[in-house]
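Consider the single chain below, provided in structure tokens and representing the form predicted on its own.
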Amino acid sequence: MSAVLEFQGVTVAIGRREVLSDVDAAFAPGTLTAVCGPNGAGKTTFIKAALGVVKPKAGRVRLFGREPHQVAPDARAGLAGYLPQERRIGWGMSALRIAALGAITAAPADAEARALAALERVGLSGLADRGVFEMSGGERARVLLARLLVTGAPLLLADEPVAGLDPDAQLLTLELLRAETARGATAIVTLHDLSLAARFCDQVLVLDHGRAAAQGAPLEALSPAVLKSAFHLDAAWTDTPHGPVLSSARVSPLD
């Protein structure tokens, strides 16, 4: 099965600093992957490189077999939906209108119908006509998640989609992305919660100082050795009825 997205020896520099260094990774259709790593590991840059927002100084990114910057912006938007880490909304429009922006090529009636369906999925069907500036931060986050779902894109990229959300909303977000992979989409999320990554994801890519420290099934990629070297944790996994849970303690980087 061919990869939806591939990184082939990708190095990305911002100014004089290498943020990603010789990264190889591949993502198959119908999978949910967590990109994990400590702060400053290069996770957001990885997502932006996948979208063609930043260009590698070495190596290649392949988005459906083509380099992202070679794909016209409107075509690229149809291939990859993006939920950025920053949840700024510049217009005080209704939740319905914001969510409908995800249907960039649809007729207005179709875009509205898709937006209503997505708002129902994120638990906001009763707030479709409310202005987003009248909503809580968590509600606005759900509106933006609905906008991502409305795209119907075969690749969904979400940068810290559960940050700042209550536990119920965190679980809902990952359940919805998991459901999108069941329809054949590929979803890639950056996460700091390693237990959620292990519970929901098919694979985990660990970045450490811009390099790929591990990629594979969650408990393999997040092995005790990787958790110690990349995250400076003395950690172990415990099986529970709801999935693996990480118990950990800090260790010195010099240990």
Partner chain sequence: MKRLGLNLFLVIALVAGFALATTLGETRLGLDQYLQAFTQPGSAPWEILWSIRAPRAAAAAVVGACLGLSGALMQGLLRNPLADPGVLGVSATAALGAALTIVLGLAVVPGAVEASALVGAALAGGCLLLFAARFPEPEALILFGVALSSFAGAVTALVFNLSPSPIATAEVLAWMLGSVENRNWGDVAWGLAPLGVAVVLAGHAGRGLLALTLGEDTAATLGLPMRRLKLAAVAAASIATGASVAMAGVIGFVGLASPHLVRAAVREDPSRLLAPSALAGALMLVLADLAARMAPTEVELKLGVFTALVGAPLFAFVAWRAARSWRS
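Given the structure is predicted, the values throughout are model-derived calculations rather than measurements. Residue numbers count along the first chain shown, from 1.
Separately, the form predicted in complex with its partner chain exists; it is not shown, and the next lines address it.
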Subject >> Option touching its partner chain, based on a heavy atom within 4.5 Å in the model of the complex, out of 184, 123, 131, 138 >> reply: 131
**OP:** Could you tell me which one of 144, 174, 156, 115 places a heavy atom within 4.5 Å of its partner chain in the model of the complex?
**Re:** 144
Original post:
Is it the case that 51, 90 and 101 all touch its partner chain in the model of the complex, with a non-hydrogen atom of each within 4.5 angstroms?
Top reply: yes
Original post:
Would residue 164 count as touching its partner chain in the model of the complex under a 4.5 Å heavy atom rule?
Top reply: no
Original post:
Could you tell me if residue 77 has a non-hydrogen atom within 4.5 Å of its partner chain in the model of the complex?
Top reply: yes
Subject >> Non-hydrogen atom contact residue 170 with its partner chain in the model of the complex at 4.5 angstroms >> reply: no
Subject >> Non-hydrogen atom contact residue 84 with its partner chain in the model of the complex at 4.5 angstroms >> reply: yes
Original post:
its partner chain isn't shown here, but in the model of the complex, which of 216 to 224, 43 to 51, 187 to 195, 25 to 33 has heavy atoms within 4.5 Å of it?
Top reply: 43 to 51
